[in-house]
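Single chain ahead, by itself, as C-alpha cells, in the form predicted alone.
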Amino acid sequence: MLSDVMEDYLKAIYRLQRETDDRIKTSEIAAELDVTSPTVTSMLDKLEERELVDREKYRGVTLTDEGETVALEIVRHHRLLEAYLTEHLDYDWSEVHAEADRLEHHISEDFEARVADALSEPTVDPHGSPIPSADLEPPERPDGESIAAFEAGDVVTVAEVADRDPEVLSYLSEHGVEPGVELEILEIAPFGMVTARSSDADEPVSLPESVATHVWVAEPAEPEL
C-alpha cells in the first residue's frame, strides 16, 4: 500500500512530466507541492526504493512504468470526481479541485467504474484536462498553448484551464472563459494583459498575465469539406 502523500508525489511528477520531455528536478517538485527540497529528497528515496521513480544524480527523476500507472490511476480518480461533483452535485468548477484532492485516494475500482458510467465515460474533466482511460493508457497531450502566445486578430478556442487556483477559475467563469468557448484576441499588451471577446459576450474580457498563463487555447479546427 502507498500512502496518500506518496501518491501525491507521483501525481505531481506526472503533471510536470506532461509539460516537459526532460527529467524533473527536486526543486520543481518542491515548488509544485509547496514543500522543501530536503522533504522531496527524503520522499524520492522511498519512491526509488519501491521502483516507482528512476533517479539520476544531478539530473532529476522520471516515473517508472509502475510509477506512471499509479499516477494515472490517481489522475483518473481526480478528474472523474471533478466531473461528477460538477455535473451531479452542483459544485462550481472552482470548488472541485480541492474536494477531489481529498477523495481521490479513497475510492474503490467499483466506485470509479460507477462514476464513469454515470458520466457516460467522459474524456475530459470540467477544466478540459484529459481523463486517462480505464486501461490507464497515458492520454495524448491536448493541442494548445497559452493564450498569450497568440496575436491580436487571432481567433482561438479555449482548450484547457489550470484547475488549482479557485480565484482564477471564478474570474474565468464570471467572464465566460471556459473550454470550448471561442475567443477573438483584441490586444496583447506589452506587460502581458490579454484582451479578448467571446462571441457570446457583449463586453471584452481582460486577462492579466497571472490569469492568462492559466488558459490554454488552440486555433479552431478547419471545417471538413
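Quick caveat: nothing in here was measured; it's all calculated off a predicted structure. Note that residue numbering begins at 1 and tracks the sequence as displayed.
Just so you know, the form predicted in complex with the DNA exists too; it's not on screen, but the next bit is about it.
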Subject >> Check all three, 86, 106 and 133, heavy atom within 4.5 Å of the DNA in the model of the complex >> reply: no
**OP:** Could you confirm whether residue 26 comes within 4.5 Å of the DNA in the model of the complex, counting heavy atoms only?
**Re:** yes
Original post:
Any of the heavy atoms of residue 43 lying within 4.5 Å of the DNA in the model of the complex?
Top reply: yes
Subject >> 4.5 Å heavy atom contact, residue 35 to the DNA in the model of the complex >> reply: yes
Original post:
Any chance residue 55 has a heavy atom within 4.5 Å of the DNA in the model of the complex?
Top reply: yes
**OP:** Please determine, with the chain shown alone, which of 171 to 179, 187 to 195, 154 to 162, 56 to 64 has non-hydrogen atoms within 4.5 Å of the DNA in the model of the complex.
**Re:** 56 to 64
